[in-house]
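In the block that follows, a single chain appears as structure tokens, in the form predicted on its own.
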Amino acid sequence: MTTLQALNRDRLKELFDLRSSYNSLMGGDFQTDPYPLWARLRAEAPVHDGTVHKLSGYPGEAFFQGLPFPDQPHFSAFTFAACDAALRDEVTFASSPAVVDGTGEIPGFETSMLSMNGAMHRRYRALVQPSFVPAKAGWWITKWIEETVQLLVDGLVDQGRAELNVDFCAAIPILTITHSFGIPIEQALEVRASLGTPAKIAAMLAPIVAARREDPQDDLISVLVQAELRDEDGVNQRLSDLEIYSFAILLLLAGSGTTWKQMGIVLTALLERPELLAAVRSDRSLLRPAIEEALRWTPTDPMFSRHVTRDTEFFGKHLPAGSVLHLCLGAANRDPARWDRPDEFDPRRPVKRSLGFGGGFHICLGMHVARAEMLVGIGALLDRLPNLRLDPDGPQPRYIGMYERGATEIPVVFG
């Protein structure tokens, strides 16, 4: 049985289609291109009153990190300088409104390092950072990514056509991260579907955590069970089961989401530009710059939020303590004050740091693994699917979504 056959394709489509009910809470059904409006807002002022989705004309409510908090004042930043400044100032702009120390009673991203601030965040991050540095990319590629990618291509290569968003892009990261936890393929989609119910994830992880405590393996759960956290008194302690579950849920949320959408964006941008795709096929050194340019041009998560801890004057706007500042990273990444021709997708432009993976102390932990997945995945398609091109008879892919942006179907033909 191939990897694709082991996955329920209808379930994949439900979980990894931004327009599905599963993803609609994040504004996955938003069809309008927000960038022209974001450009106007950015030109008018660095910071505006209100949330990004309301300022963008999204009807109803959309939920994401930093939302909804209906009783707090909300502001949104649109320039690179403003977003970058907020990400670098963790004292004034905190990741959560209250202190999070990882000892809550319920596992989840709310009790994970995503919501931690200051020294606590740095101590927790340091536990797993060594497994996600660039030098460790080979570990991920050899143990999990390469095998997953090749098995997926095996299921496509003889068909002559495919839909790459669900059948390829969506499957790679969820299979990679669950495999690194020791979760079998058959359970991978159950894990993805249960991310909103942390107790279910904990129940699936509990026997694996117990087994790794007894007999560590060369995998990510073993890294977590053997990690030691030094407390304020200088005493080293192993992580509790609950802390491991929270770590794992955070990694699953990021690992099964961001890479899927970003890989689809890179692929679509290249397929829409056949000359550029041909150049990348013949010179693979262009693939990495294409990925970096896609992260700038259309990041999958174009907004993150920070909680204002004290009254502050910020780029011409008074932000009271207790308010929420939303950082529109998508708008910041197309700021003409930083990039020439910012709305163009141009992998050959001079490299400048973008906010595609966030920035500051909370810059994406798994960004190097995500880059490795995209490099290996797209490289395998170019290696094994000759004359890969968009299907002229299929629906053309579009970029959709509010707080999670990605491509719709990516129908291709080859051979």
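Since we're looking at a predicted model, the values are computed, not measured. All residue numbers refer to positions in the sequence shown, first residue = 1.
Separately, the form predicted in complex with a small molecule exists; it is not shown, and the next lines address it.
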Please pick, from 62, 378, 41, 370, the one residue with any non-hydrogen atom lying within 4.5 angstroms of the small molecule in the predicted complex. 370
Give me the residue from 333, 178, 268, 262 that has a heavy atom within 4.5 Å of the small molecule in the predicted complex. 262
So in the predicted complex, is the small molecule close enough to residue 37 to count as touching (4.5 Å, heavy atoms)? no
Residue 48, heavy atom within 4.5 angstroms of the small molecule in the predicted complex: no
Report whether the minimum heavy atom distance between residue 58 and the small molecule in the predicted complex is within 4.5 Å. no
Indicate whether the small molecule has at least one heavy atom within 4.5 Å of a heavy atom of residue 304 in the predicted complex. yes
Given the stretches 254-262, 184-192, 211-219, 73-81, which is the single one in contact with the small molecule in the predicted complex, using a heavy atom cutoff of 4.5 Å? 254-262
